[in-house]
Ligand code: NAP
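Take a look at this one chain, the form predicted alone, written out in structure tokens.
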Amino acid sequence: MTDRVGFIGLGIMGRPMALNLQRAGVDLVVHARRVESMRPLSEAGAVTCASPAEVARQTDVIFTMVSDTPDVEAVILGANGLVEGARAGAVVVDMSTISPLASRVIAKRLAGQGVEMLDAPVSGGEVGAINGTLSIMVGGSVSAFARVLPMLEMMGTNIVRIGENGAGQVCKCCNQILVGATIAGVAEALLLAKSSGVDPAKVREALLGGFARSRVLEIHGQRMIDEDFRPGFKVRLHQKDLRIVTENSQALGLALPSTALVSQYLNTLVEQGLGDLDSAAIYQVLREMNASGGGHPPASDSQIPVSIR
């Protein structure tokens, strides 16, 4: 591999992803807002930079992994952003989860100076990032995808080019719809079992052997039974992702009622200061809603009572 590689954004997801590239033999040039976030990479030999533009000046392929659409816009198009240093022929691979519409706008802006962009959001959480087993959904040209595929394979095991720019972000929207709706469905099922005097652990065990089996039932179902909501994927990040889904669906004139309902549950948790819990805490929202005598979803502007023990 002759491309010199940059990585920007070294948080919960980005840092283990960058470390996996480094362990596979890639010489990295990195940047993060916090100096301490770069330390594990620099100690392993990475070059550290003071800005995204500085990373871009030294590299041919640049990965970004930050929190939200405004963060990506700032890193790529803002002052001292990648656009100020990227050279013609470079490829920017944004692995954040952001608006598909914004991703297409950014790609067009980069294309104006001869830089290609791939949107490549991921699924698999921190564990997948650490283990290099992420699912990676890619939008962009066939040639750019082929160029970076060997590097993506150092971070993930299920890597699919979905289509042109923005398609990867659309796929991630679809992923978050399914995950959120399934979490809510598992929560309702286990709440029904418990309220009926039936052991929810046994119900989960039986369902895992049938058509209802899912990773959400396997992992989040156990979290709900144990009432252990230490974060794997935080409520506030899932809330952000469903906001992106909603903005995209509204632009298309689509009604997504299940997504709207799950968003209410997540909004309530964030409003209660519980945004750093795992999104499996939806179970507690439903439990408390029923305990309060509601039993029905509230109006869109209502707050669902919730208590986390």
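On a predicted model such as this, the values are computed, not experimentally measured, just so you know. Note that residue numbering begins at 1 and tracks the sequence as displayed.
What comes next is about the form predicted together with this ligand, which is not displayed.
A single residue from the set 122, 91, 106, 187 has any heavy atom within 4.5 angstroms of this ligand in the predicted bound form; that residue is 122. A residue is said to contact a partner when one of its heavy atoms sits within 4.5 Å of a partner heavy atom; residue 12 meets this definition for this ligand in the predicted bound form. Although the partner is absent here, residue 237 is a contact residue: one of its heavy atoms lies within 4.5 angstroms of this ligand in the predicted bound form. Proximity of residue 172 to this ligand in the predicted bound form: non-hydrogen atoms within 4.5 Å are present. In the predicted bound form, residue 37 approaches this ligand with a heavy atom inside 4.5 Å. Only one listed stretch (252-260, 29-37, 265-273, 42-50) carries heavy atoms within 4.5 Å of this ligand in the predicted bound form, and that stretch is 29-37. Along 90-122, a non-hydrogen atom within 4.5 Å of this ligand in the predicted bound form is carried by 96, 97, 122, in order along the sequence.
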